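Presented below, as structure tokens, is a lone chain in the form predicted alone.
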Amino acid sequence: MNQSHVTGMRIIGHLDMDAFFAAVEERDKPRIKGLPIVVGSDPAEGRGRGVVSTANYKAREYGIHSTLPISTAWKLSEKAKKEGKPEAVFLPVDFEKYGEVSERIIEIIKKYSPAVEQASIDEAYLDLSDLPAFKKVEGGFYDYAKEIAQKIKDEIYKKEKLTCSVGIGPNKLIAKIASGFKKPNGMTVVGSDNETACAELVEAFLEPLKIRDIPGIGPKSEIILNKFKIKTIKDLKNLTKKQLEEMFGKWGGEIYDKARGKDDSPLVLEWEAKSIGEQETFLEDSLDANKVTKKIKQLCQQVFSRFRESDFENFRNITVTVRFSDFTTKSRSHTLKEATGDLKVLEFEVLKLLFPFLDKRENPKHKAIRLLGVRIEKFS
């Protein structure tokens, strides 16, 4: 955990690219500039079965957002079209291109900070608390951190013609929440060189926010908390640690700390893949054994191809996921006695996990299958 030798406290930045996939597509395709853009599965004129990966801010004005069913996104676009607005442009996901752009962005960030954690393809944490240039800075160390972050934003835009939003705070939690505070192309600083003043700023920043603004609190947790009339982080602070642990177990204790802006997690500078997986939604629900078997083998080959590109030689755990026509989702896993790096072994074990879903063992009502997924873990 890096700390400033001068201030004795951490100053962490979180950089989040704005509507990354859609922004890259808009940059590379001038003809669609300024239009609502949706990156994801093929909508197939409203019959598509996948989801939205990214929607730009114009598309979000129509109610389109990531993880929304692509068929719903299509309907919202058609509704906007009838109202005289531009219809959305639907584009497929190009992970290879986005990955190359992401690598160049990370290289820019590393020029300004010695410690960078790439959290995903479009976001990163950077330590701004121990930079060589931190001396006696007029205006304070947080002002200097903001200056560095602005230089990063400017260079990314100059070289990639893409905008990003940055949050700066005393830890990763506050930095991440702050980066989403003024999107797109925003900058939010929550902190002070004075430790007492910093704690007060963090408290004032967090309390009015909704509980869903805390990373990790999802729809199910929100429903549970809403039953106790907990809507904001200020409301959440009225619950004791014991009460939260009774509701959520160990996670409840973490929620208690997060509501108070506490987070001592370090930056993870060396990232390793914990799993490699692929999944695909059928254009039409099916229980045809030949069709399902063919698709699962294709997924095995895609997963294995990505595995071969990694630095790993073997894997031990295999998981198959099946989503039925009624959206019920089941997963089954198997851990091999000996690690393997063989495609044939992967296919054999995946089929063993899959076949019970084709008959009454795992599918007594003979429901058609909507989605299949394959994942491997426990690498060596």
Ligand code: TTP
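Residue positions are given as counts along the sequence shown, with the first one as 1. Predicted model only: the values in this text are computed from it and were never measured.
A second form of this protein, the form predicted in complex with the ligand, is not displayed here; the remarks below concern that form.
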| said: Under a 4.5 angstroms heavy atom criterion, identify the one residue in 321, 53, 314, 317 near the ligand in the model of the complex. | reply: 53
| query | Does the ligand get within 4.5 angstroms of any non-hydrogen atom of residue 369 in the model of the complex? | reply | no
| query | Could you tell me if residue 127 has a non-hydrogen atom within 4.5 Å of the ligand in the model of the complex? | reply | no
| Taking heavy atoms only, is residue 325 within 4.5 angstroms of the ligand in the model of the complex? | no
| request: Using the partner position in the model of the complex, report whether residue 60 sits within 4.5 Å of the ligand, counting heavy atoms only. | output: yes
| said: Given a 4.5 Å cut-off on heavy atoms, tell me which of 25-33, 326-334, 65-73, 348-356 is the interface stretch with the ligand in the model of the complex. | reply: 65-73
| request: Within 4.5 Å of the ligand in the model of the complex, which residues of 107-122 have a heavy atom? Give them in sequence order, or say none. | output: 121, 122
